[in-house]
Ligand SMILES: Cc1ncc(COP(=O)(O)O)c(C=O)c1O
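As structure tokens, one chain now follows by itself in the form predicted alone.
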């Protein structure tokens, strides 16, 4: 990671090297943190942040679930995100706002600790998500089950949820795959380690519903809206594991991944083993919408 600009910490911009937390910070020991992943894209009229208000809204919803009172308003956090990007001088970047229980009392109960908020951004290396763009990603059905709302609130984008995801991702990488696909407690398709999942049959898109133990992804929502705007049918329903193997196409979505094709699952080729036409279409329309090339979705972008 290249250190560019500054990091916003509790209302002020500080140099990267000074953006520190105490080793006894509660979130470090008990994963009591919520965060967002946001993208700033280069457009014809300058850098613009993609769906900023939706990301900030979700950050506050996640915090509420974890009894965290963020000591800043949504407007202040949004302004902090914009200032952080401006300070970086980057035209395109990945943005990470995080709110967490801080240093004070170290015990399981987090609420005696104050809430700290930080915002950082950095240049995004496209190589980190290249699998699934120029060629399809190879995925593995993980041996780790996706936790669901009986264990933790899956509608919160919480740090604790990603320990489960990290186990699945590392297992897949060690086994020679690009990504994991996780099943929920009912044996249905849930999501990837950090992406929502879609399959296509006969030109129609199907994706698991929110109660399948998935995060309500903002890229997921964007792709659903884009597909329907392009008159492509989208259905939300439970998906059996076996359906993935015989789908015509499969793709995943996420802030980092954007829209990435899956052309193999458990060494079974999806369709003809190539990036399919509907996936290519969704990659194109998402690219255009996120870079300010589609006037229908211009309100998704906040210029900086």
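Numbering follows the first chain given and starts at 1. The shown structure was predicted, so the numbers you read here are calculated from the model rather than taken from an experiment.
Beyond what is shown, the protein has a form predicted together with this ligand; the following relates to that form.
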| item | value |
| --- | --- |
| Option touching this ligand, based on a heavy atom within 4.5 Å in the model of the complex, out of 218, 99, 181, 93 | 218 |
| One residue of 205, 159, 115, 194 in contact with this ligand, assessed in the model of the complex (non-hydrogen atom, 4.5 angstroms) | 194 |
| Option from 63 to 71, 24 to 32, 251 to 259, 234 to 242 whose residues, in the model of the complex, bring a heavy atom within 4.5 Å of this ligand | 251 to 259 |
| In the model of the complex, residue 58 touching this ligand (heavy atom, 4.5 Å) | yes |
